[in-house]
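A single chain, nothing else alongside it, follows as structure tokens in the form predicted alone.
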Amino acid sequence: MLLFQLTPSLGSSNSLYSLIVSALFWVPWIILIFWGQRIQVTISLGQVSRSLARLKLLSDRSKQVLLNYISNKGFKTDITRFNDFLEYFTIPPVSMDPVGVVKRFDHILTTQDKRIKNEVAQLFSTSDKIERSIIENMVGIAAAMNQIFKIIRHYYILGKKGNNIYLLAQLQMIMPMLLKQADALVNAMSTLELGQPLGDGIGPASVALLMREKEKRRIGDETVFAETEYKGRRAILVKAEGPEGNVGEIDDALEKIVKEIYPDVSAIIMIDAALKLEGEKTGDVSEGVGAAIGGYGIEKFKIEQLAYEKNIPVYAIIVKESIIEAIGAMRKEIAESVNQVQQTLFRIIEERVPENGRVVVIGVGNTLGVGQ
């Protein structure tokens, strides 16, 4: 009798249990079907919003570091004009008709560089070349940080307005890498303040060591060269003028050397920092062929065109480093790679340049803290 009385209650309990299990299984599916994208958008918005706030903090810090440096040096500046200067932009030339686009781009970038230098000279009057170049580099970082923040904010607001999960997902994926690079840019400003060599200066540093106790001559704007001899070969050493933070006009200097001064050049060797792949060691040295120079590609095009016209082979020696290491203070591993760079350079000269031949050796990169 007792068992008969308990049976209905057990059956009722099993039905309730099944109903709860079914609800636990189906309710999440129903929520995901109807509100899944909205939930995903909310999560993405939260993560991107936090990253954007961090980016804004870094952008503001870059401006503050620059203003502190200016203030400590005793300069006075108009904040409104300074902020307007950070909004300065450059419109690239039209490329629908590619004929002559490199020359037009070169003209626009030359105008941009002169404009920035003149503006810095007006805002911060100083006769110290190193000090002026430091301010120019710091202004470049502050302007870049300001532009990066505005672009990311633009796409964030677009994604938020339209609940565009695809746009927000892309932002979410690139933000960790972008924040890492932005953090490195801001940290690099302290290196600039001290005038220390950057990781990107390994090319000029390698050539500068070969220039010691040699007569240096200017060849173009912010660019110098010297001559030396190695086992019966004449080497023309070229780099941007240091120790101020310049990159020089390497392409114009090379053109003047090959066309006007030494038309019998047998080879061109370029030394530069290059982005390493993940898993590669910082400071590893590799050799190859081609114009090892970064930027917008104008200098690279002009060097390649010159080498083609004169039938001069172009060899490259690169020192591998990350983008963060390139814009930060030169690490020990990078500095110690100079010996291997020079060994590789001498071997290439012996193998590729005939006796009594002439070779141009170019150190590519920012010369902050690297003299000659």
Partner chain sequence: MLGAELGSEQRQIVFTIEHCDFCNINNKRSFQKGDYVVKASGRCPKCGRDMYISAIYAESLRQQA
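Numbering follows the first chain given and starts at 1. Computed from a predicted structure; not experimentally measured.
Form predicted in complex with the partner chain: not shown, discussed below.
Novice: Which of 55, 48, 318, 330 has a heavy atom within 4.5 Å of the partner chain in the model of the complex?
Specialist: Contact residue from the list: 330.
Novice: Would you mind picking the one in 208, 145, 135, 253 that has a heavy atom within 4.5 Å of the partner chain in the model of the complex?
Specialist: If I apply the 4.5 Å criterion carefully, the residue I get is 208.
Novice: Report the stretch among 223 to 231, 258 to 266, 92 to 100, 188 to 196 that approaches the partner chain in the model of the complex to within 4.5 Å, counting heavy atoms only.
Specialist: Heavy atoms within 4.5 Å of the partner chain in the model of the complex occur in 188 to 196.
Novice: Although the partner isn't part of this model, could you tell me whether residue 283 comes within 4.5 Å of the partner chain in the model of the complex, counting any heavy atom of the residue?
Specialist: Result no; residue 283 lies far from the partner chain in the model of the complex.
Novice: Against the partner chain in the model of the complex, would residue 161 count as a contact residue? Criterion: heavy atoms within 4.5 Å.
Specialist: Because no heavy atom of residue 161 falls inside 4.5 Å of the partner chain in the model of the complex, the answer is no.
Novice: Applying a 4.5 Å heavy atom distance criterion, does residue 314 contact the partner chain in the model of the complex?
Specialist: Contact check for residue 314: no, nothing within 4.5 Å of the partner chain in the model of the complex.
Novice: Using 4.5 Å between non-hydrogen atoms, is residue 214 touching the partner chain in the model of the complex?
Specialist: Close contact is absent here: in the model of the complex, residue 214 is far from the partner chain, nothing within 4.5 Å, heavy atoms only.
Novice: So which residues in 344 to 367, when you check the partner chain in the model of the complex, have a heavy atom no farther than 4.5 Å from it?
Specialist: Stretch hits: zero.
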